[in-house]
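Only one chain is shown below, in structure tokens, and it's the form predicted on its own.
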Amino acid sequence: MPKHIVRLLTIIAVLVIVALSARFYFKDSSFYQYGHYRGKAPAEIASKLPKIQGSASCQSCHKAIYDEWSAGIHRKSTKDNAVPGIVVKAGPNCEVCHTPAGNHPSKEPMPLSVEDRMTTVTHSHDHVHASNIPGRKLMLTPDEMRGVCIACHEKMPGRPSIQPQVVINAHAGEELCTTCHNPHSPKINYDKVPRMVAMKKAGVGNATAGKVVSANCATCHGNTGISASGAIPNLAGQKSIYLANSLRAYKSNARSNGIMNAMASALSDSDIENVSTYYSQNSCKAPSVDKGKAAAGKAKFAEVGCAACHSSGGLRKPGLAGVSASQVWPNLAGQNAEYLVSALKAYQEGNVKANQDGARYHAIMTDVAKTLSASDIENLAAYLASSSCK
């Protein structure tokens, strides 16, 4: 064999030996530990990123909030279920919503923390928070906050019934969840519910055109929205956005009523806006009711917290009783007492699966209605029917 061939083969052999030796000596010992991966990589990555610390790590600096959360429905469960909980049975808990704490406090913000949403180090050695940082952002946007809540609470097939579920648009429109709910203990405390705000400007339709459309509704709801039968709801003085949303729900069969589904299906979007605006601008007529029942209903209205949603001022400001503070919620003032009684009884029978046998379900209304006796319902209906909607 020629010398140059021998030399070439020798060089190749040496290179192969060097390559194999390099692979042996320089390969990380954890390579291929878990398939085609380096086993030590996750630990190294985790050491550079925020790590789960558990809720106990939050307690020393955030004691008041921690105690509030611990006593609420979002609390941690014990492993033996002696104390039931909702979010998780064991593990990070606070970090389910706030993300891993890692070496917090640090430069990295805790996404939902009011006091830690910042862009630079603000915790000194004695844990005093800086408050004079230009552009400091303390809260997530409403859309971001809603996203956290609906990740668990938006109604969808297969989700366990123990986990409260709502149809978002029907529940509160575009309002921020924290308008009514404390995220650490989200069952509504009616004493702390602020005044609700309207989501959109009312009266976007043409009332004159709406009056023409309303001729098709007059048989049941009267010429101006004052129904001839006490079993049929008055529409006069109702929120235009609530009426429009209701008609759209009937049109899409999201709400079921044979007559209303047929009537709404014939309406265009502009017809819906126009007729809703027409009815909203009319004045309701407060019927005569039993004054004793109305007085008892007024007391019950305050007791069960109806004013939180169905008063123009909420609980923190004076307002008209039965006139809802949000455009997406119905006015109850001046409504037919018979209709209000049937509606509250339907909510009592409501369930999360379906509106069966005339039952109605709403995450708040069903819970409230179940606390009412038959006489409570009669009294509340009398009080609201006697209230003015303007």
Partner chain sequence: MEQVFGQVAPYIGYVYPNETEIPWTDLIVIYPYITGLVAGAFVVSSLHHVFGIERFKAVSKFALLTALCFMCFAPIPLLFHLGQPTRAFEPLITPHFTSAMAMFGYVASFYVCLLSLEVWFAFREDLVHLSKTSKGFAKKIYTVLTLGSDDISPKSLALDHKIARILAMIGIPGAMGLHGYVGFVFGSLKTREWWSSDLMPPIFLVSAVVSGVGLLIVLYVITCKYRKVVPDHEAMVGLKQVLWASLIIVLVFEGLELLEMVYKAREGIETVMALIKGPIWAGMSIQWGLSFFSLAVLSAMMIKNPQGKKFVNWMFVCGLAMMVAVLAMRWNVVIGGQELSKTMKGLLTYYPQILGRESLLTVLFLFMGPFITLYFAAQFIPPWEDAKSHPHGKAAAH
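Numbering follows the first chain given and starts at 1. Remember, it's a predicted structure, so these values are computed and weren't measured experimentally.
Same protein, other form: the form predicted together with the partner chain, not shown, and the subject of what follows.
| query | According to a 4.5 angstroms non-hydrogen atom cut-off, is Lys27 in contact with the partner chain in the predicted complex? | reply | Yes - in the predicted complex, heavy atoms of Lys27 and the partner chain come within 4.5 Å of each other.
| query | Does any heavy atom of Ala13 come within 4.5 Å of a heavy atom of the partner chain in the predicted complex? | reply | Answer no; every heavy atom of Ala13 is more than 4.5 Å from the partner chain in the predicted complex.
| message | Can you list, in sequence order, the residues from 13-32 that come within 4.5 Å of the partner chain in the predicted complex, counting heavy atoms only? | response | Contacting residues: Arg23, Phe26, Lys27, Phe31, Tyr32.
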